[in-house]
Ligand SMILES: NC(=O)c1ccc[n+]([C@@H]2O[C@H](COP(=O)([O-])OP(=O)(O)OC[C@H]3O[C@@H](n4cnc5c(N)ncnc54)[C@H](OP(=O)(O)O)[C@@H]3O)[C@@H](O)[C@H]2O)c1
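The chain below stands alone and is given as C-alpha coordinates, in the form predicted on its own.
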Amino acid sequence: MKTPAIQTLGFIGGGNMAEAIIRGILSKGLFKPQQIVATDKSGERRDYLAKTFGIPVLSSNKEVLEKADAVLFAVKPQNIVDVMTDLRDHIRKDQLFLSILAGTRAATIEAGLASPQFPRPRVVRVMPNTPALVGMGMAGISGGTNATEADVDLAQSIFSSVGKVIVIEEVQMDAMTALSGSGPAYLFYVIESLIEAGVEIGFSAEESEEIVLQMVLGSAVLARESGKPVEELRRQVTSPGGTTAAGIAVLDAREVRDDFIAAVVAAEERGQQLGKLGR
(Lines give C-alpha, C1' and ligand atoms only; values in the text may rest on other atoms or scores of the structure.)
Protein backbone atom coordinates (compact mmCIF):
# COMPACT_ATOMS: atom_id res chain seq x y z
CA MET A 1 0.00 0.00 0.00
CA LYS A 2 1.40 3.39 -0.99
CA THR A 3 2.43 5.60 1.92
CA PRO A 4 0.61 8.96 1.82
CA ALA A 5 2.53 12.20 1.44
CA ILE A 6 0.74 13.90 4.33
CA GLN A 7 2.35 13.78 7.74
CA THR A 8 -0.67 14.01 10.05
CA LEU A 9 -4.29 12.86 9.63
CA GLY A 10 -6.93 14.39 11.86
CA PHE A 11 -10.35 13.06 12.81
CA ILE A 12 -13.14 15.38 13.83
CA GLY A 13 -15.60 12.94 15.34
CA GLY A 14 -14.42 9.72 16.94
CA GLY A 15 -17.36 7.36 16.57
CA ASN A 16 -17.47 3.79 15.28
CA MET A 17 -16.52 4.58 11.70
CA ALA A 18 -13.64 6.81 12.72
CA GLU A 19 -12.47 4.05 15.05
CA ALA A 20 -12.61 1.51 12.23
CA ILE A 21 -10.54 3.74 9.96
CA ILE A 22 -7.97 4.46 12.66
CA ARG A 23 -7.68 0.75 13.40
CA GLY A 24 -7.29 -0.04 9.69
CA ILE A 25 -4.62 2.52 8.86
CA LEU A 26 -2.59 1.62 11.93
CA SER A 27 -2.81 -2.11 11.23
CA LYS A 28 -1.68 -1.58 7.65
CA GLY A 29 1.19 0.68 8.70
CA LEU A 30 -0.19 3.55 6.68
CA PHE A 31 0.30 5.95 9.60
CA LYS A 32 2.02 5.72 12.96
CA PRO A 33 0.02 6.57 16.10
CA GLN A 34 1.82 9.91 16.49
CA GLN A 35 0.69 10.84 12.96
CA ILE A 36 -2.99 10.67 13.87
CA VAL A 37 -4.90 13.20 15.96
CA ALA A 38 -8.56 13.05 16.88
CA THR A 39 -11.29 14.65 18.90
CA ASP A 40 -14.85 13.91 19.87
CA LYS A 41 -17.59 15.66 21.80
CA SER A 42 -17.56 12.93 24.42
CA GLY A 43 -14.74 12.97 26.94
CA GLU A 44 -15.30 9.26 27.53
CA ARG A 45 -14.87 8.60 23.83
CA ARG A 46 -11.70 10.69 23.70
CA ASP A 47 -10.25 8.69 26.58
CA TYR A 48 -11.16 5.43 24.83
CA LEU A 49 -9.43 6.41 21.57
CA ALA A 50 -6.29 7.55 23.37
CA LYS A 51 -6.10 4.38 25.46
CA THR A 52 -6.97 1.98 22.63
CA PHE A 53 -4.72 3.37 19.90
CA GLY A 54 -2.11 5.46 21.67
CA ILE A 55 -2.89 8.44 19.46
CA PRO A 56 -2.91 12.10 20.52
CA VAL A 57 -6.52 12.97 21.36
CA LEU A 58 -7.25 16.67 21.54
CA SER A 59 -10.01 18.62 23.25
CA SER A 60 -11.25 20.76 20.34
CA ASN A 61 -11.80 20.75 16.59
CA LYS A 62 -9.52 23.76 16.18
CA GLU A 63 -6.64 21.88 17.81
CA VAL A 64 -7.09 19.04 15.32
CA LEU A 65 -7.10 21.57 12.50
CA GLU A 66 -3.87 23.12 13.75
CA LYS A 67 -2.08 19.76 13.84
CA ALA A 68 -3.41 17.94 10.76
CA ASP A 69 -2.47 18.13 7.10
CA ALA A 70 -5.65 16.29 6.18
CA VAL A 71 -8.86 16.35 8.22
CA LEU A 72 -11.58 13.70 8.09
CA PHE A 73 -15.06 14.81 9.08
CA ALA A 74 -16.84 11.96 10.89
CA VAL A 75 -19.56 13.95 12.66
CA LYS A 76 -23.32 13.69 12.28
CA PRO A 77 -24.49 15.46 9.09
CA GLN A 78 -26.72 17.82 11.09
CA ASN A 79 -23.64 19.09 12.97
CA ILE A 80 -21.37 19.84 10.04
CA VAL A 81 -22.51 23.44 9.52
CA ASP A 82 -21.56 24.39 13.07
CA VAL A 83 -18.23 22.57 12.72
CA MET A 84 -17.37 24.36 9.49
CA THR A 85 -18.40 27.76 10.87
CA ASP A 86 -16.03 27.20 13.77
CA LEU A 87 -13.13 26.18 11.51
CA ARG A 88 -13.35 28.19 8.29
CA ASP A 89 -11.20 31.11 9.42
CA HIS A 90 -8.45 28.81 10.64
CA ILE A 91 -7.78 26.45 7.74
CA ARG A 92 -4.49 26.45 5.88
CA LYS A 93 -4.12 26.60 2.12
CA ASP A 94 -2.46 23.19 1.92
CA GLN A 95 -5.05 21.29 3.97
CA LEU A 96 -7.27 18.55 2.56
CA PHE A 97 -10.72 17.69 3.90
CA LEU A 98 -12.31 14.26 3.68
CA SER A 99 -15.98 13.75 4.43
CA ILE A 100 -17.91 10.56 5.20
CA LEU A 101 -21.17 12.43 5.83
CA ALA A 102 -24.15 10.80 4.13
CA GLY A 103 -26.22 13.15 1.98
CA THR A 104 -23.77 16.05 2.29
CA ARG A 105 -22.45 17.23 -1.04
CA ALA A 106 -18.79 18.11 -1.55
CA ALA A 107 -19.96 21.52 -2.77
CA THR A 108 -21.69 22.08 0.58
CA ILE A 109 -18.43 21.50 2.44
CA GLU A 110 -16.44 23.56 -0.06
CA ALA A 111 -18.83 26.48 0.45
CA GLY A 112 -18.90 26.01 4.22
CA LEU A 113 -15.11 26.08 4.53
CA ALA A 114 -14.40 28.77 1.95
CA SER A 115 -12.98 32.04 3.23
CA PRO A 116 -11.52 35.16 1.61
CA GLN A 117 -8.05 33.83 2.39
CA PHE A 118 -8.71 30.36 0.95
CA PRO A 119 -11.76 30.43 -1.32
CA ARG A 120 -11.16 27.01 -2.92
CA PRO A 121 -10.80 24.33 -0.20
CA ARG A 122 -9.96 20.80 -1.34
CA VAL A 123 -12.60 18.22 -0.46
CA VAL A 124 -12.94 14.49 -1.14
CA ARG A 125 -16.25 12.85 -0.39
CA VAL A 126 -16.35 9.21 0.72
CA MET A 127 -19.27 6.87 1.36
CA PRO A 128 -18.09 3.87 3.42
CA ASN A 129 -20.33 1.21 4.95
CA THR A 130 -20.48 -0.56 8.29
CA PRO A 131 -18.57 -3.73 7.29
CA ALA A 132 -15.54 -1.43 7.50
CA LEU A 133 -15.83 -2.15 11.23
CA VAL A 134 -14.46 -5.64 10.51
CA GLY A 135 -12.13 -4.62 7.70
CA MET A 136 -14.56 -5.73 4.99
CA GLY A 137 -16.03 -2.42 3.92
CA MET A 138 -16.93 -0.99 0.53
CA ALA A 139 -16.38 2.71 -0.07
CA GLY A 140 -17.22 5.03 -2.93
CA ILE A 141 -14.83 7.96 -3.39
CA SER A 142 -15.39 11.17 -5.32
CA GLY A 143 -13.16 14.22 -5.56
CA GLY A 144 -14.70 17.65 -5.14
CA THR A 145 -14.23 20.58 -7.51
CA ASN A 146 -10.80 21.53 -6.20
CA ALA A 147 -9.47 18.08 -5.25
CA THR A 148 -6.37 16.81 -7.00
CA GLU A 149 -5.61 13.32 -8.26
CA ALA A 150 -3.23 12.95 -5.30
CA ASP A 151 -6.07 13.82 -2.93
CA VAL A 152 -8.25 11.06 -4.36
CA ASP A 153 -5.29 8.65 -4.21
CA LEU A 154 -4.87 9.46 -0.52
CA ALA A 155 -8.53 8.72 0.15
CA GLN A 156 -8.16 5.41 -1.68
CA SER A 157 -5.15 4.48 0.46
CA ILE A 158 -6.97 5.32 3.68
CA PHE A 159 -10.19 3.46 2.89
CA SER A 160 -8.44 0.49 1.30
CA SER A 161 -7.20 -0.23 4.81
CA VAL A 162 -10.76 -1.17 5.85
CA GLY A 163 -12.01 -2.87 2.69
CA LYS A 164 -12.40 -2.17 -1.00
CA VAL A 165 -12.85 1.16 -2.77
CA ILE A 166 -14.23 2.44 -6.02
CA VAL A 167 -13.76 5.92 -7.50
CA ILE A 168 -17.05 7.28 -8.81
CA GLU A 169 -18.58 10.54 -9.95
CA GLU A 170 -20.36 12.44 -7.21
CA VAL A 171 -23.67 12.15 -9.06
CA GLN A 172 -23.41 8.42 -8.24
CA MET A 173 -23.03 8.97 -4.50
CA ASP A 174 -26.74 8.70 -3.73
CA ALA A 175 -26.80 5.41 -5.63
CA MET A 176 -23.70 4.26 -3.72
CA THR A 177 -25.38 5.16 -0.45
CA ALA A 178 -28.56 3.29 -1.41
CA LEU A 179 -26.79 0.15 -2.59
CA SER A 180 -23.64 -0.16 -0.46
CA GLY A 181 -24.32 2.14 2.47
CA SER A 182 -27.83 0.87 3.15
CA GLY A 183 -27.20 -2.58 1.68
CA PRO A 184 -25.98 -4.18 4.93
CA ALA A 185 -29.34 -3.34 6.52
CA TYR A 186 -31.15 -5.17 3.72
CA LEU A 187 -28.96 -8.23 4.26
CA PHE A 188 -29.44 -8.08 8.02
CA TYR A 189 -33.18 -7.97 7.33
CA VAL A 190 -32.87 -11.15 5.26
CA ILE A 191 -30.70 -12.77 7.95
CA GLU A 192 -33.26 -11.91 10.63
CA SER A 193 -35.99 -13.45 8.50
CA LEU A 194 -34.01 -16.63 7.83
CA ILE A 195 -33.24 -17.06 11.53
CA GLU A 196 -36.94 -16.73 12.31
CA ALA A 197 -37.67 -19.27 9.58
CA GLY A 198 -35.18 -21.67 11.13
CA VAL A 199 -36.96 -21.41 14.47
CA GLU A 200 -40.29 -21.94 12.71
CA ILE A 201 -39.10 -25.26 11.28
CA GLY A 202 -37.69 -26.56 14.54
CA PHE A 203 -34.24 -25.22 15.35
CA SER A 204 -33.47 -23.28 18.49
CA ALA A 205 -32.76 -19.57 18.04
CA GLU A 206 -29.06 -20.17 18.73
CA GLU A 207 -28.84 -23.06 16.29
CA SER A 208 -30.68 -21.17 13.59
CA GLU A 209 -28.45 -18.10 13.98
CA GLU A 210 -25.28 -20.19 13.70
CA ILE A 211 -26.59 -22.00 10.61
CA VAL A 212 -27.74 -18.82 8.87
CA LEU A 213 -24.66 -16.71 9.59
CA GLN A 214 -22.27 -19.38 8.35
CA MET A 215 -24.44 -19.99 5.29
CA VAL A 216 -24.50 -16.28 4.41
CA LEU A 217 -20.76 -15.88 4.99
CA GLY A 218 -19.93 -18.96 2.93
CA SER A 219 -22.26 -17.92 0.14
CA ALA A 220 -20.68 -14.47 -0.10
CA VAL A 221 -17.16 -15.93 -0.23
CA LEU A 222 -18.26 -18.46 -2.85
CA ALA A 223 -19.85 -15.71 -4.95
CA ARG A 224 -16.62 -13.69 -4.87
CA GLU A 225 -14.11 -16.50 -5.33
CA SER A 226 -15.86 -18.88 -7.74
CA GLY A 227 -15.58 -16.54 -10.72
CA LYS A 228 -19.12 -17.51 -11.73
CA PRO A 229 -22.08 -15.14 -12.09
CA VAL A 230 -24.34 -15.26 -9.04
CA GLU A 231 -27.22 -16.19 -11.32
CA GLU A 232 -25.36 -19.34 -12.32
CA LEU A 233 -24.54 -20.16 -8.70
CA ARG A 234 -28.22 -19.84 -7.86
CA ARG A 235 -29.19 -22.13 -10.72
CA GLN A 236 -26.67 -24.74 -9.55
CA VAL A 237 -28.44 -24.95 -6.20
CA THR A 238 -31.93 -24.88 -7.72
CA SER A 239 -32.59 -28.34 -9.12
CA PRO A 240 -35.85 -28.52 -11.10
CA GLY A 241 -38.63 -29.85 -8.90
CA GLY A 242 -36.41 -29.81 -5.81
CA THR A 243 -36.65 -28.16 -2.41
CA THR A 244 -34.83 -24.97 -3.42
CA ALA A 245 -37.03 -24.58 -6.49
CA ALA A 246 -40.09 -24.73 -4.23
CA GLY A 247 -38.71 -21.90 -2.11
CA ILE A 248 -37.66 -19.78 -5.09
CA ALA A 249 -41.12 -20.20 -6.59
CA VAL A 250 -42.64 -18.61 -3.48
CA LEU A 251 -40.19 -15.67 -3.66
CA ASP A 252 -40.92 -15.14 -7.35
CA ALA A 253 -44.69 -15.36 -6.81
CA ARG A 254 -44.43 -12.65 -4.16
CA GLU A 255 -42.14 -10.53 -6.37
CA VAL A 256 -39.45 -10.32 -3.70
CA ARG A 257 -36.78 -9.46 -6.27
CA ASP A 258 -38.84 -6.45 -7.40
CA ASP A 259 -39.32 -5.41 -3.79
CA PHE A 260 -35.56 -5.35 -3.16
CA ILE A 261 -35.00 -3.27 -6.28
CA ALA A 262 -37.75 -0.90 -5.18
CA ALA A 263 -36.14 -0.58 -1.75
CA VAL A 264 -32.79 0.45 -3.25
CA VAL A 265 -34.49 2.96 -5.57
CA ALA A 266 -36.43 4.42 -2.63
CA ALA A 267 -33.20 4.80 -0.64
CA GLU A 268 -31.52 6.57 -3.56
CA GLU A 269 -34.46 8.96 -3.94
CA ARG A 270 -34.36 9.74 -0.23
CA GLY A 271 -30.63 10.43 -0.48
CA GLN A 272 -31.30 12.91 -3.26
CA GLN A 273 -33.93 14.64 -1.11
CA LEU A 274 -31.61 14.87 1.86
CA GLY A 275 -28.83 16.19 -0.37
CA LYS A 276 -31.04 19.02 -1.58
CA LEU A 277 -31.99 19.90 1.99
CA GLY A 278 -28.32 20.04 2.94
CA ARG A 279 -27.24 22.37 0.17
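Counting begins at 1, following the sequence as shown. From a predicted model like this one, the values you see are computed outputs, not experimental measurements.
Another form, the form predicted together with the named molecule, is not on view; read the next lines as being about it.
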Within 4.5 Å of the named molecule in the model of the complex, heavy atoms considered, which of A178, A106, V83, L194?
-> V83
Tell me, out of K41, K32, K28, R235, which residue has a non-hydrogen atom within 4.5 angstroms of the named molecule in the model of the complex.
-> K41
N129 near the named molecule in the model of the complex, any heavy atom under 4.5 Å?
-> yes
4.5 angstroms heavy atom contact with the named molecule in the model of the complex for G143 = no
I12: heavy atom within 4.5 Å of the named molecule in the model of the complex?
-> yes
Closest heavy atom of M17 to the named molecule in the model of the complex, within 4.5 Å or not?
-> yes
Quick one: which of 145 to 153, 68 to 76, 205 to 213, 163 to 171 gets within 4.5 Å of the named molecule in the model of the complex, going by heavy atoms?
-> 68 to 76
Residues in 84 to 113 that come within 4.5 Å of the named molecule in the model of the complex by at least one heavy atom, in order, are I100, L101, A102
